[in-house]
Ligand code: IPM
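Just the one chain here, laid out as structure tokens, in the form predicted alone.
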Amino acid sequence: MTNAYKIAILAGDAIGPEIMAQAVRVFDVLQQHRDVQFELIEAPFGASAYFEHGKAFPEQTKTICDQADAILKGPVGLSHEESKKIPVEEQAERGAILPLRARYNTFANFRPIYLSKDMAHFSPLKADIIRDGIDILLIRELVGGLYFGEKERGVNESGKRYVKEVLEYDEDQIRQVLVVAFEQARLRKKKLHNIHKSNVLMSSVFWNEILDEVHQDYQDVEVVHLLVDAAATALCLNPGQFDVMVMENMFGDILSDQGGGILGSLGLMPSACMGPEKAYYEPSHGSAPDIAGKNIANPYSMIGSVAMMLEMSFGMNEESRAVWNAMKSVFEAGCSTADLSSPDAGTQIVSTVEFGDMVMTKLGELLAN
């Protein structure tokens, strides 16, 4: 019996449609070599959706996402100047991304920070720091904390403008993401770095209390507690000490971007946003409006997000590995997109489409064997 999956395609803004066009080619190749069918349904999302439909996350898109087995989302947002043409509440992050996360309770964000030994030269870190590459799984709580708390701005009794944003978690929100982190640590090296700021923030004190409770069910996993500022330093000085890292929403936002920095580009960071019933997959980077339309964007994170979808939503582990290996083969051939190339690297720079062409050719070969 042929497996059939329905996927919502949210191409997004700026470079989003360019890299999405390469990522969805994976589904065509899979259909040629496996007994599987993918129904791809495009839907407007982000700044472009606002200009066309008056909403960054239109009702029609919500319906398509509700009916999909999984969601593939491109980066959204425009330049600062262009964003000012959109009401604050409808700007892509507030009007699209946060509502998407809330709608499907995608509380666990998986962000692999990975460089194989063969790709280690992309990192700006010294070779003796990188050694055999980088392999970290950062798990970020995604639907709570400061980003989702009550927000208020106005003028106080003294006539001074003010702003107030609330950081709020309940124990269930914390526990559910910690369970995910412990489960992943158990599957990997049985070591979990808990990133917090309990020397200042009461929310971190509470987070750590819940972690101690959850840890009772995972005694085989070693827990290492590390303050978030120390963790930022350690990612640069000794990334090899980390395997699985878990943290609250804002800490995860910041440190995962730093993870892209130690890899050499956020273009190497796909991600999965997992909820109890549905997941969406996206690059960790932004929409890069400054390079939109130039055919130079790196589609690795977008294609990698498809690889994560194949494994985590559809159980297609072998096919997922084939996608990763197909992308790795491009780098092994001495090619890369412009974001990873330096003048003295001796690397052949390929375009967005050329990168996609090379990946799909290799993927077809791998699936045919």
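Just so you know, these numbers come straight off a predicted model, no measurement behind them. Start at 1 and count along the sequence shown; that's the residue number.
We do not show the form predicted in complex with this ligand, though everything after this point is about it.
Distance criterion of 4.5 Å from any heavy atom to this ligand in the predicted bound form singles out 253 from the list 229, 135, 222, 253.
Residue 93 is the only one of 93, 243, 183, 213 with a heavy atom lying within 4.5 Å of this ligand in the predicted bound form. With respect to this ligand in the predicted bound form, the three residues 101, 140 and 284 uniformly fall within 4.5 angstroms at the level of their nearest heavy atom. Heavy atoms within 4.5 Å of this ligand in the predicted bound form belong, among the stretches 158 to 166, 93 to 101, 202 to 210, 232 to 240, to residues of 93 to 101. Contact annotation for residue 193: none of its heavy atoms lies within 4.5 Å of this ligand in the predicted bound form. This ligand in the predicted bound form is not approached by residue 122, whose heavy atoms all lie more than 4.5 angstroms from it. In the predicted bound form, this ligand sits within 4.5 Å of a heavy atom belonging to residue 111. This ligand in the predicted bound form comes within 4.5 Å of no heavy atom belonging to residue 107. Heavy atoms closer than or equal to 4.5 Å to this ligand in the predicted bound form belong, across 307 to 327, to no residue whatsoever.
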